[in-house]
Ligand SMILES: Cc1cc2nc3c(=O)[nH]c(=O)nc-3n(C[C@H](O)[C@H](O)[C@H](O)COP(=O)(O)OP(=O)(O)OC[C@H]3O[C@@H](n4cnc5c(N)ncnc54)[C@H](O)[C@@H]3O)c2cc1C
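Below, in structure tokens: the form predicted on its own, a single chain.
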């Protein structure tokens, strides 16, 4: 049995931690002191970002304010960023968010849960794709992207723009469809749109049938597909692996994300990609008092894709296991589903649905996606 107040530190406000906060609002033990460390006053729901770009949602409609959740859960909120973890000392080093005063330099914990979401390491990005950190607009962090996207639309209203999305996973595909729809509807005529895949086929991780559906939609909308790697970006140009240069006013990056650099040197067991290595209970394989969920983690026993679908599903078991760890009760394993429903938006009004080997498309699929996304945001808003 433990004695006295125990400290739970929630690092980040990702999809899974939203559920943890909601669970704590319903049931928080009196002897559990909870702190949330995150720099933003809201969580921007990634599933609605393409709809924001397309002009279907406002920026606020895709956001979940944290203050009501924090207040309801009785949680202390520190507006800052993690810049390091010392797992042996059970401390997290903190940098204050811009403009914040009185933020502690470090936070201690008895139990730590990490759900900081997807990140882009700008140093690694600049090594792999010189000039990208300076000349491209990356979709991560989403908060920065949504703040800057209106500037792209302002440019598109003044002149015909050439826009290229680098990255042909689901995020890149949805982004190029959304951008094409918004600019064709509200921008100057003569705009051009290109999807740079990085070398492989569009949606390389999906079935051939889904790829065909996406390629047909891209062709219908006049979006060029280049199956080339992006080797760098300079002002007005995207450099391609074949030596060619693509004229481009607006390069958007929707490439794979990185593990946070501050995990290096933490003492936690990490995967080859640098993510927190966790077991079936989402518990660090090296430090049982540390848990992780979402894009920051990798399952040692059952690796799966990093997507919002899995991050959302990780919330309920994570909330259960954090309270179980506090009470020294047995943990419950979380078994991600073998197949998940994926709804790929092709702009407002049309989407492609895929579940395992099954796939279909139409306005009904977009309606379904819209309903799911809005329900997720509404769930964490005060009634």
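Computed from a predicted structure; not experimentally measured. Numbering follows the first chain given and starts at 1.
Keep in mind that the form predicted in complex with this ligand is missing from the display, and what follows is about it.
To verify the annotation, which of these, 46, 321, 354, 348, has a non-hydrogen atom within 4.5 Å of this ligand in the predicted complex?
Checked against the cut-off, the match is 46.
Contact residue in the predicted complex, chosen from 248, 82, 226, 218 - any heavy atom within 4.5 Å of this ligand:
None of the others qualify; the residue that does is 82.
Does residue 77 reach this ligand in the predicted complex, with heavy atoms at most 4.5 Å apart?
No - in the predicted complex, heavy atoms of residue 77 and this ligand never come within 4.5 Å of each other.
Are any of the heavy atoms in residue 126 no more than 4.5 Å from a heavy atom of this ligand in the predicted complex?
Looking in the predicted complex, residue contacts with this ligand do not include residue 126, since no heavy atom lies within 4.5 Å.
With the partner left out of view, is residue 140 within 4.5 angstroms of this ligand in the predicted complex by any non-hydrogen atom?
Residue 140: contacts this ligand in the predicted complex.
Does at least one non-hydrogen atom of residue 117 fall within 4.5 angstroms of this ligand in the predicted complex?
Judged by the heavy-atom cut-off of 4.5 Å, residue 117 is in contact with this ligand in the predicted complex.
Looking at heavy atoms inside 4.5 Å, which stretch does this ligand contact in the predicted complex, given the options 218-226, 186-194, 288-296, 152-160?
Of the options, only 288-296 has residues within 4.5 Å of the partner.
Members of 154-171 lying within 4.5 angstroms of this ligand, judged by heavy atom, in the predicted complex
If the 4.5 Å heavy-atom criterion is applied to this ligand in the predicted complex, 154-171 yields only 171.
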